[in-house]
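The chain below stands alone and is given as structure tokens, in the form predicted on its own.
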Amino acid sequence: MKIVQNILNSRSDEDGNFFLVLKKILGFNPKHLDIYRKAFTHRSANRKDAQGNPVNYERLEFLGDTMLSTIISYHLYKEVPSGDEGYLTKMRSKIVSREHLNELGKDLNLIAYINSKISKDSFGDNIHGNLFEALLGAIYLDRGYKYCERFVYRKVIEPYVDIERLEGKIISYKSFVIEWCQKEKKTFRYEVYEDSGNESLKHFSVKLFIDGNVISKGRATSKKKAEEQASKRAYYALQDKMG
């Protein structure tokens, strides 16, 4: 405790507050606050270092993505000795899916600490996962692999990684529906149709046809998301047949 107090006394109030926020999130004392500040800096802040290189979280996000994949891969390798390469790859994809990373970032409320010229309300869901990966990259640079590994075990593996539950989790409903149609020798197609919404943000509406019949519809801000939504609805509508 005395060490922490000495650290706080040697810093500005702003640094001291940031140190305490990080300590609460991380579960240990951060050493180099500048690395973590970079992990929360969005490109819209237009920051550059002394050499003129952009300062934002994107490079740390790349590093954190690699660290997370490595740690999860090793955990699965140990825990599932019977799993082949395809099985391990699929299981890792379920754990590090964009949807799951976004949930992790939201749980830690990382967006509250972002340095950006863009309103927090204007960001999409992926900002949460991006910040989570950037934070992992910062932990690795600040304290090394072991601290990064412990953080992932505490925040990801212990609370969320249940092998049996994950085996039944669907990553992509569209992929699942397509595989099922191919296996059952059914025809399918996704058809975009005119959207009648009045929102200022453009939306896409999609119909999913199986064997010439409209099975479901989806509507979202991108064609890909609308297709995934339609696929999810088709899955639940035909769940007794798809298994």
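Small disclaimer: the values here were computed from a predicted structure and weren't measured. Sequential numbering from 1, following the sequence displayed.
Only in words, not in the display: the form predicted in complex with another copy of the chain, which the text now covers.
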Proximity to another copy of the chain in the predicted bound form (heavy atom, within 4.5 Å), stretch among 155-163, 121-129, 74-82, 99-107: 74-82
Only one of S175, S44, N53, Q182 gets a heavy atom within 4.5 Å of another copy of the chain in the predicted bound form. Which one? N53
Taking heavy atoms only, is L88 within 4.5 angstroms of another copy of the chain in the predicted bound form? yes
Please run the contact check for M67 against another copy of the chain in the predicted bound form: heavy atoms, 4.5 angstroms, yes or no? yes
Heavy atom to heavy atom, is R92 within 4.5 Å of another copy of the chain in the predicted bound form? yes
Answer yes if any heavy atom of K186 is within 4.5 Å of a heavy atom of another copy of the chain in the predicted bound form; otherwise answer no. no
Who in 136-151 is close to another copy of the chain in the predicted bound form, meaning a heavy atom within 4.5 Å? Y140, L141, Y145, E149
